[in-house]
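A single chain, nothing else alongside it, follows as structure tokens in the form predicted on its own.
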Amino acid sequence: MNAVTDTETRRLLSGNEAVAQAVWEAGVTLASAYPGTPSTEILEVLGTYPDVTAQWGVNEKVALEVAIGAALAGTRAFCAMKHVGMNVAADALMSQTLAGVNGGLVIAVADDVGLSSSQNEQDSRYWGRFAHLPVLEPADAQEAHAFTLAAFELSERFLVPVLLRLTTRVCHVKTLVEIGQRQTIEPRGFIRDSRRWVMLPGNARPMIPAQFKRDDALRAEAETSPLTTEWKGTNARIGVVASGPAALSAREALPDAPLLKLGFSHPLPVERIKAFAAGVETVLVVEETEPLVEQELRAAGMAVTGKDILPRNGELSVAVLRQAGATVRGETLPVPAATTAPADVFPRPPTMCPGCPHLSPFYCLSRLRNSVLVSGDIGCYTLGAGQPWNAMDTCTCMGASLTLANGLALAKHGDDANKAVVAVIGDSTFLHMGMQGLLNLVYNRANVTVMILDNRSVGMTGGQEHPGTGRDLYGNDAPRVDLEALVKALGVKPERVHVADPYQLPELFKLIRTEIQVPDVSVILTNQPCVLTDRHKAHPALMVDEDKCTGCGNCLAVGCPAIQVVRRGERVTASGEVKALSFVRIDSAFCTGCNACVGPCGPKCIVPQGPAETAGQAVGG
């Protein structure tokens, strides 16, 4: 994605791409973010535009504070994150919204409605109420572009950050978008005013009445905002009040119903909604996911229906809204015609990639399953909770593996009293929020073994860079943190810090088994890059000597999807029962030659492919 040409007026863009385009057009100087689906691509695309400095922050709080700094300097700034990231950034958000900003500041928060790739389903519109922020809700990519531009104008007019609430459907669905040229914005310059920018109680207290006054002005703005639109409809039996993509679903499901689409959804334009409601019999409030608008309208004395007939979780599809409309009208929808039954296919749960350096650590932990409690974290390695490893007992949020492990180690009892506690975390997650947890483990003399799985990328969201990769967002060389030195600097004893090649599985297993028996904080750092990045170097693919394979299945426990089970015949038992004979085969198109499956192989029948002279060549590492 590049800057628009002089003659170009439309592009096919996703919502994320449209936001990035609008940020560039708005004359933004600095954009920062931490990667997280569904918001990741916004900053990645911004990194391809000229005249904007785009930076990955080590976490969302840091990213927001960097953007706030730029806005205080009087330039336009932008920050992006997924919904759970706002929880991390809230400390900075709640204070800065009281003081306001100098230059325009827009914060895009992408809610993962339906939990496509998140640990919870969170409604970020609450932050508008909680932090006294205006909230804009685009419904598609075209609106994502237009609302982003409007958000910067609104931010500078009211000197307040503006929240752009996106959802997965807006972020990832493409449509044609009207685009423009980059604006030239004259920086306002930093305004030295310690009574405003230094958030001491004596300074902050007088700002609260001003914040309430600003709320009133924003409420008046929302009442007449062109970002909120109305379709008249032809049947006043039901009038729909909706926002975001759910508004488009409502229009499709109830095409004859009047619809008030809230683009500027907070402060809520109550008087405008009352005027709309006066022209219909029943008001149906359609919102994803929490009943915020519904509750505020009821508090304002309006009789509305909403979550009493609509689900409080997941996307509101056309079918769901069509049924809701029938319920309001007292109708019964016809049962849809029977469709062809879905094919009976083998389930395919998410799994790690062939050759993933996380395969071996979780294989080792699965072999120690009866003697360890494993506290996990957020990343690709969260899949270690599934088959065939079943080697993760907890996973809450970024960085919680170490802190939960602290509590587990202190409070375990009964059947778990003699089990060791292992915390598993990735490199990006450790830098995001894990360092404090390790410091806490050391300070409190916890008995925990920490495994930092360093794959040199933010693997879960597509291989983005971070301070431990040695590159910045643009791919340029950048200072790379030395995780081994960092761990020691946080207080872990040097003799308890180990760097291990995860592809040398027997050695890794021995190391883990040794360290969990040591009554102290110990750290094991694995050191192989993600197989999907250019840092990974593949080795000759492996193959199975079928004449030697006994079908023991030990290699399957590693969990590599390149290993397949193949049936090769039948045998009759002494009791006359016919049983299938199987062996394994390695798909050379996927195999990276990592060597992880060689160690568990009982008959030692897994060997490198190729000429005989390469048979003894070391693979992996």
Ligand SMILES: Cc1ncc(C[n+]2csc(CCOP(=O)(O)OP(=O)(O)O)c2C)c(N)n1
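One-based numbering along the sequence shown. What you see is a predicted model, and the numbers here were worked out from it, not measured in a lab.
Another form exists, predicted in complex with this ligand; not displayed. Remarks below refer to it.
When this ligand is considered in the model of the complex, Gln119 lines it closely, a heavy atom lying within 4.5 Å. Within 4.5 Å of some heavy atom of this ligand in the model of the complex lies at least one heavy atom of Gly379. Proximity of His266 to this ligand in the model of the complex: non-hydrogen atoms within 4.5 Å are absent; the residue sits far from the partner. For His358, a non-hydrogen atom is located within 4.5 Å of this ligand in the model of the complex, even though that partner is not displayed. Of the residues given (Ser243, Ser428, Thr148, Ser375), Ser428 alone sits with a heavy atom within 4.5 Å of this ligand in the model of the complex. Of the residues Ile512, Leu316, Met398, Val283, just one reaches this ligand in the model of the complex with a heavy atom at 4.5 Å or closer; this is Met398. Listed stretches are 420-428, 103-111, 231-239, 128-136; the contact stretch with this ligand in the model of the complex is 420-428, by a heavy atom cutoff of 4.5 Å. Residues of 517-547 placing a heavy atom within 4.5 Å of this ligand in the model of the complex: none.
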